Structures are given as structure tokens and as C-alpha cells.
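Let us start with two forms of the same protein chain, each given on its own as C-alpha cells and named structure 1 and structure 2.
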Structure 1
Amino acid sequence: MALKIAVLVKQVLDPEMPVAAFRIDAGTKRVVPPPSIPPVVNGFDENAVEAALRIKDAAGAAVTAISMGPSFALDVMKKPLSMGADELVLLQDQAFDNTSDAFFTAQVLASAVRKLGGFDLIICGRQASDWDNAQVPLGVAELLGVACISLGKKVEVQGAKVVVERLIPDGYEVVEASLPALVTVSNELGQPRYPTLRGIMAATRKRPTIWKLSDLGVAKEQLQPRITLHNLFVPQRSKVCEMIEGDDAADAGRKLAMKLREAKLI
């Protein structure tokens, strides 16, 4: 039987967009997507797709990309398909608008994995560029009861186990776990492959599976958020510049040192 790999991907605002285009609706505590700048697939999740496809190239595997959100830009979310993934499952429902709550998101994704019959290996990006909390993959692994290896820079499947070169502050360590397991990967894995023209054309012909909350067999009451968002705002910044003058360079240096000492910076 072919290895079954799931890749969890997320649609995010383009992190390269101009700061001036970033807006927050204070009333709803939501980031307002800029109408002229399309979203993108989270960068670390592209690394996760690449990790899955390397395993597919080496040993053969069926790769399914899974994403959750209230709405999707289909051309954007088909990128894993154009890279070489076999299937795309979109969990799309207005009830899935609470993406700031990692436990909520983990519950929905874990429910989808169960509905799909489980996977031998689940690969995720280390974190998403919008909230940067790096908690969803850990929550999914816990809810599914599988081993979790984080911060992988190389992922290989050897028989009934996954072997991961895991990043640590002064290098890497080799960690292995029995399948099924979940692995998160970082950009040290390497540049994700570019979709080929053939891959793009094949992706346009594939229709994603779209499930609502009711399709997952999960009651909305089971998905109560664990986090209360009290406020969301862009921090205000101010700068003050003071010119230090002196009779000569040495005098200016002494006065600067006194100012820094008064401010307890030295």
C-alpha cells in the first residue's frame, strides 16, 4: 500500500505586502485583507509540501494538502497541486473564521484527518506568518495521539518509521519515530520547487474537495475557543532625535556618554 502523506497548509496575507496596506478593523478585531494584494500560501507550508514531494519522488506516496478557513482564493490554494500534490481538501465555512485560536484550528484539522481515514505521515510548516504561534501542529499531533517531531530540515521515511534531521541551536540532531507521526519543517529544508507548466495545467483540471463544519461530523459546541482576543492593534511608534554638540569631538563624545548614562543605556 502506498504511503499516505497529509500536508497542512494555510492561506495567509502576503508578508511582503507594503506596511501601508496593512489594516485592522478595531470593531471586529480582524485584519482587513487588502483588495489589491492577493493572499499566498504560508511560506513554511510550501517547505512542508516540498518535504512531502521529496518523499513521494524517492519512495512513492499519495500526498493530500489540507487547509482550513472561512474562504479561499482557489488559484492560490491550488499551488500545492501544481507543485505535485495529488489531492486538495479545503475546510471552508464561516464557522472557521477564528484562526487566531490554535486549539480551535487544531480540532478542525484533526477532525478532517480522521474523516480522511488517517495518514502515515503529516507534515506541517513550523509556523504561520500571520499569527506566528507555532501551536497548531502540536495540537493536531496531540489530538490524533501521534508522535510529533518539530523543526525538521530533512525528512525521510525508512520502512515503518520517519527519520528527521531536527534543528537545534548549534546544529542538528537525528530523531526518529514510528509511523504514524507528525513532523514540522523549517525553511532550512531548502527552496520549494517551482510549479511546472504541466503541473499548473494539471492543477486547473483538478477540483478540490470542499467540506463545511457539518461534513466533519463535529458539533459547533465542541469547537469552543480557548482564547479570548481582547484587542488587536498596530503598535504606535515615535522617534525623537537630539543632536549632541560640543566644543570639539571629544567634548561631544563626553556629553553623549552622559546622556546615555542618564538614560541608563550604558
Structure 2
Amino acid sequence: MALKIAVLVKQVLDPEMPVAAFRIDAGTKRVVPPPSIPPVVNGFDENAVEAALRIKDAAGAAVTAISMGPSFALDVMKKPLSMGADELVLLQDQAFDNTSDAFFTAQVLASAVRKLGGFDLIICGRQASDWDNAQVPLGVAELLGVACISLGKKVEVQGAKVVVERLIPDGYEVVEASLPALVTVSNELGQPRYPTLRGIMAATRKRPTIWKLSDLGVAKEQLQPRITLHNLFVPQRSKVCEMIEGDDAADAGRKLAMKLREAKLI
């Protein structure tokens, strides 16, 4: 039987949007999505899709992308399909409107994984660029009771095990685990592939499976949020930059050195 791989992908606000467009609604404690800037697939999740597709290229695999959210930009969320994933499962419900609670999100995603019959390998991004939580994948692994390897920069399946080059502060380690397993990946994995025209055509024809919360059979008490958000604000910057000028750029550089010397910094 072909290897079954799930990739967990989140739709997020474009983290590269200009700072000026970043606004918070203090009342609802939410970031207001700027109307002119479309959401994106979380960057590390595109790395995760790429990791899955490399395994598919090498050994053959059925790749399912799974996402949870209150609503989706379908053209954006079809990107994993146009890159080469086989299926898209959207867990869509107004109840998923507050996705900053890792416990809630992991419970829902783990239930979907179970409902889909389980996977040999689940690949996730290292963190979502909205709440920068870096918790959901580890939680999914715990809830499913599968092996967990985080911060992969290379992921290979060899027979019944996964072999991961895992980032450490001064290099990497090679870690292996028996399948089933969950792996998170980082941008060091390398550029995600661009969708081909053929991929885009195929993706347009594919229909995502859409499930609501009630389709998943998660017990209510398991969805009790574990974190309360009291406030959300834009931090104030009080710094004033002293601009150093000179006759030309090199002279400005020299003056900068003098200035830092005066300030006893060098």
C-alpha cells in the first residue's frame, strides 16, 4: 500500500505585508485583515508540502493537505494541490474562528486525522506566522501517541522509518523514528516548488472535502480553551535614530566609528 502522508497547512495573514497595513481591533482583540492583501498558506507549511512531495517523488505516496479555519480563500488553499498534493480536507466551521488556542486546534486536527484513518507520516510547519505558537504539531503528536521529530531540514522515508535532519543551534542531527510519526519542518528545507500549469489545472478540478466540527466527533470538554487572551496591542517604539552624515558614504562610515568610540561602544 502506498505511503499515506498528511500535511497540516494553515491559512494566515501575509506576514510580508507592509507594517503600515498591520492593524489591531482592540475591542475584539484581533488583527484586522487588510482587504487588499490576500491571505497565504503559512510559509513553513509550504515547506511541509514540499517535504511531502519530495517523498512522493522518491518513493510514491498519497499526500493529503488538511487545514482548519473559520473560512478559507479557496484559491489560496488549493496551492498544496497545485504543487502536487492529492487531496485537500478543509475543516471549516465558525467554531474555529478563534485559532490562537493550540489545545483546541490540535484536538480538532487530531480528530480529523483519526477520521481519515490515520497516516504513516504527518508533516507540519515549525510554527504558524500569525500566533507564532509552535505548539499545534507537538500537541497532535501527543494526542495521537506517535513519534515526534521537530525542526527538520530534510525528511526521508526509508522502509518503515522516517529519517530527519533536525536543526540544532550549531548544526544538525540525524534522527530516525519508526512510522507512524509526525515531523515539523523549517525553511532550511529549501524552496517549495512552484505549481506547474498542469498542477494548477488539476487543482481547479479537485474538490476539497469539507467537514464541520460536528462531523469530527470531538468531545466538548476537549475543546475547552486552555489559554485566555486578555489583550492584543502593537508595541510602542520609543527609539530615535541619530543619522550620521558625511562628505560621502565612506566618510559617514568613518564618522560612525568615531561616534561609537565616543559612546565607548568600540
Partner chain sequence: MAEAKGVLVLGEIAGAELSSSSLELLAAARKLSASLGEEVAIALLGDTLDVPAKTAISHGADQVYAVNHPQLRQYHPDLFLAALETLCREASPRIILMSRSNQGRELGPRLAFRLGVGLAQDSLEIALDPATKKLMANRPVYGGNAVAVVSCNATPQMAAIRPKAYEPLAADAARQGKITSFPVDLKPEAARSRVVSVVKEEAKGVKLEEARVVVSGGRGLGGPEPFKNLDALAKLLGGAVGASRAAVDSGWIPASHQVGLTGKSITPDLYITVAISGASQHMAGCSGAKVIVAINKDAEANIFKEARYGVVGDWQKVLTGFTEAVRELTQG
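What we label the rigid core is the largest C-alpha set whose atoms superpose within 1.5 Å from one form to the other. Please read all numbers here as calculations on a predicted model, not as lab measurements. Residue numbering: structure 1 sequence, from 1.
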Notebook entry, point to check: Two forms of the same chain appear here; which of them is the form predicted in complex with the partner chain?
Noted result: 2
Margin query: Among 238, 205, 145, 168, which sits at the hinge where the C-alphas switch from fitting one rigid part better to fitting the other, between the two structures?
Written below: 238
Next item on the list: Can you give me the hinge-style rotation of the smaller rigid part versus the larger one between the two structures, in degrees?
Entry: 52
Next item on the list: Determine, in Å, the CA shift of residue 246 between the two structures after the rigid core is used for superposition.
Entry: 17.6
